[in-house]
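Single chain ahead, written as structure tokens, the form predicted alone.
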């Protein structure tokens, strides 16, 4: 059968050049793409976030558009264990629709799951959530952004009443007298952000970095705190203990704008600096210097990132730093505040509009009857037909193929074979599925396992919007049409919805909210049309985009949410007068340190942690294919302190094996005095034997569902 849906022509496609944004991290650096005799050129563009700068990944981003590995035809596996072969779009889509019907007929609607990505545009994230809840009617949807900022999101919601990574523009960092970075390494993860930190240093500001490694960012700091991985919460409580003792708490702010401080005050009373030094390894003098720098500053900002958040107690760890910020009166004060550095390109927008298991568009809770009624009205369905909340990302992947878990999975914009914790186990779960579908533009390690692979458009081939780490909604513009044989994700979802509706009488759109919608109306392929629907669905929600239009974005340097009124202001800075809580006050939450989920022992005596390197990005499926980036960072490595290497008899460059209770990785040793002697580090961008996530722990935070990527127990052996 044919789907009756075609991809809408992109308004910018065919232009000699377009103003757009980088496809990688949440800084969303502005760039211009231009056709030239040599191919597609990337030019930096002045913008408040990157201020004309790009990192090596941004400069080389266009090289993937015509890469030899680019997928341009669907691939289909005829039998388990067979080879993928080229197929037509009709054959591939028919196979998927038939597989979904078979699985749901035998096991129920929730037997089909969807796994999305933090790099998808707002339009695609919105459409994917709608597709799961309306076309599939499954509760099982989540995305890899769960592993990015979910702990900070949960902590922000319970303290501030809203989750926005930075509740102020990036430029405010340059005005802070003291800037505390906890588990953040922007010099390698988002280098143009360092221009704002350079402003801060030129003004005489102090930069303090908390990280178990002497990273490129820590080298630029005035003070580097090097705690044992997993002890950041204790460090935060010690800093607040000192602030209380020295009289640096802003009691007027606490009394007027917060609740719950007395419980936190009693909790941190037990976090004596000497005890925290014993626990974390951070000297008392450094704890006192940090507290003094924050407590006596005219303006101060505290930022957390993955190093603090990717723990089984990540929400509580972030809450400890939020407590510190509130006690010092920072949130909402000009030039001060607390924020989180979002990692993925659309990690912020991707979770606001329906990819998370418990959310509907506009950051509404899916178990809220009023939210269900509002969104169902926009979608033209009965609220009772919407499924309830699903489970977070790792729990979803871990349940695949089990007796009670999903038997089919559709993956858009993610590569969990490399990026998931306990990755070998996740890979085995993917192999157990009756149907695995992957939409991607390269044959990632996950796509290589799929029964059906769908070739989809790249970032420069479709229009849309992204929401960066500041909550600034930006326009992504198409330079060209997708290559022949390639479709956009929106077109894929529309075609599948068409087939599922045509073949399943139980799927219906409600007559009570207007005439029966056609498949094209229910799942439009024009991203601008999708965004207009997103605006209506988000209206009145915490992440309100109702006043954001493409034209308004085009006439400004992005638009900050919440923005409920087209003719009203947007919100570059939050919390100036109140917090979006029922009583307008922020909430303190008492939190206590607890050990990592897995402790070192005689068999596994070392702490293992993971992270990124400058030239690679996420699972590396894209960046490992760019020649310049491959030359800059060709292989994985295991970072060891020279003292540890000496005890193990390991020389620099020698191959070693890192072994945990879940698996192992093999790579060359890289000796560095900048890492703790009791800690081992490896980047997570490589697959196969060098896959760092073969080792990592799959224990999860009970609130956010964040896995404990940043610490587990290992041993290191010479190969």
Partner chain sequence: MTERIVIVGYGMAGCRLAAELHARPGDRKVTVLGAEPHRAYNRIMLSTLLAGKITEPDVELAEVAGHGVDVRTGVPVTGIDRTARELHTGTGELIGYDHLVLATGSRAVVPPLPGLDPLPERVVPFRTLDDCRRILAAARGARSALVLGGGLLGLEAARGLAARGLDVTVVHPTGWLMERQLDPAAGAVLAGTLAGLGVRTELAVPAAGVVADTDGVRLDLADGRRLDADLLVLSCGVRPDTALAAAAGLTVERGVLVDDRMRTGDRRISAIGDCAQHDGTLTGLVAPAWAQARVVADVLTGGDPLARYRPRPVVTRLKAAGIDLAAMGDAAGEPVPADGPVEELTFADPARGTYARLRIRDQRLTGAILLGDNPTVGTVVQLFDRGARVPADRRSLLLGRAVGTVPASPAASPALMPDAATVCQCNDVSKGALVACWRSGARTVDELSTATRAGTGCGGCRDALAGIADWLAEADPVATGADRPAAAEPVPAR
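Numbering follows the first chain given and starts at 1. Remember, predicted model here, so these are calculated numbers, not experimental data.
If you look for the form predicted in complex with its partner chain, you will not find it shown, but the lines that follow are about it.
Participant: Only one of these stretches, 282-290, 134-142, 336-344, 86-94, has heavy atoms within 4.5 Å of its partner chain in the predicted complex; which one is it?
Facilitator: Among the listed stretches, the partner-contacting one is 282-290.
Participant: Applying a 4.5 Å heavy atom distance criterion, does residue 253 contact its partner chain in the predicted complex?
Facilitator: Judged by the heavy-atom cut-off of 4.5 Å, residue 253 is well away from its partner chain in the predicted complex.
Participant: Give a yes/no on whether residue 569 approaches its partner chain to within 4.5 Å in the predicted complex, heavy atoms considered.
Facilitator: No, no contact at 4.5 Å.
Participant: Within 4.5 Å, heavy atoms only: does residue 685 come near its partner chain in the predicted complex?
Facilitator: It does not: once its partner chain is placed as it appears in the predicted complex, residue 685 has no heavy atom within 4.5 Å of it.
Participant: Residue-level question: is residue 105 within 4.5 Å of its partner chain in the predicted complex, judged on heavy atoms?
Facilitator: Looking in the predicted complex, residue contacts with its partner chain do not include residue 105, since no heavy atom lies within 4.5 Å.
Participant: In the predicted complex, which of the listed residues (194, 424, 162, 539) lies with a heavy atom within 4.5 Å of its partner chain?
Facilitator: Checking each option against its partner chain in the predicted complex, the one that comes within 4.5 Å is 194.
Participant: What is the one choice in 658, 669, 55, 31 with a heavy atom within 4.5 Å of its partner chain in the predicted complex?
Facilitator: It is 55.
Participant: Each of 67, 621 and 649 near its partner chain in the predicted complex, meaning some heavy atom within 4.5 Å?
Facilitator: No.
Participant: Quick one: name the residues from 27-45 with any non-hydrogen atom within 4.5 angstroms of its partner chain in the predicted complex.
Facilitator: Not one residue comes within 4.5 Å of the partner.
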